[in-house]
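The chain below stands alone and is given in structure tokens; this is the form predicted on its own.
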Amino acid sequence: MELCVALDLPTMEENLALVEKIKAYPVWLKVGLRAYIRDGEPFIKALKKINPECKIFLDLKLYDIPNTMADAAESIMGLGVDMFNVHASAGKKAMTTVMQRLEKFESRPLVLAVTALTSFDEAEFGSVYGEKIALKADQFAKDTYEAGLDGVVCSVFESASIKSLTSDAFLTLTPGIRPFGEAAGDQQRVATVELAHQEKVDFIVVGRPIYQAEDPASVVAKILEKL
């Protein structure tokens, strides 16, 4: 299991300062929608300058018509990131189109698909998708697997089920990890590192417990000990 640190601070300067503090540790860095819209490709280049060996997860959750998603995926190839994601609810055709577009490259980032956002509870998810979270997450994961992607973004609670339906090699990345019992905040389906291990999770995403700490490096070190 690997740790992915969410770079969700209000400014690029604060995010870069955080990365300076934790650059000695073997972690992934998650660049989300706000950071990328605000800071763009220069932010990714700045991360690589701090640590040329760092791995970057570009968390933009692409969701559009198939050709537009494939165009965006091809543009992402020029950024030098190591993983990016799309929305599984864009459909199997869209995901397949993305992967077909990437076939012409000798190497490519990992590509994951979001199943059910961890901010959803059952009631709100049902009002949008008309189904229980676990059932729909399984369906989205099967579509993702059949479309040739590398894995899914899901909550810890769906990880083991998804692997049983697809493959143990099919990756699961789980946000909403609270390693030391921190408050859930705006997440509904949160879990511990221990449960993530139990549910065969491959990547955990941790944000606020790290970047809100007085000593982020020590928190990263403690989480890595748990892994």
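The structure presented is a predicted model; accordingly, all values stated were derived computationally and were not measured. Quick note: we count residues from 1 along the sequence shown, nothing fancier.
One more form of this protein, predicted in complex with a small molecule, exists but is not displayed; see below.
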Partner contact for Thr118 in the model of the complex: the small molecule, 4.5 angstroms, heavy atom: yes
Any non-hydrogen atom of Lys48 within 4.5 angstroms of the small molecule in the model of the complex: no
Contact label in the model of the complex: Gly207 to the small molecule, heavy atom within 4.5 Å: yes
Is Val86 close enough to touch the small molecule in the model of the complex, meaning at least one heavy atom pair within 4.5 Å? no
Students should find that, of Val111, Ile133, Val114, Ala94, the residue having a non-hydrogen atom no more than 4.5 angstroms from the small molecule in the model of the complex is Val114
Only one of these stretches, 171 to 179, 63 to 71, 191 to 199, 38 to 46, has heavy atoms within 4.5 Å of the small molecule in the model of the complex; which one is it? 171 to 179
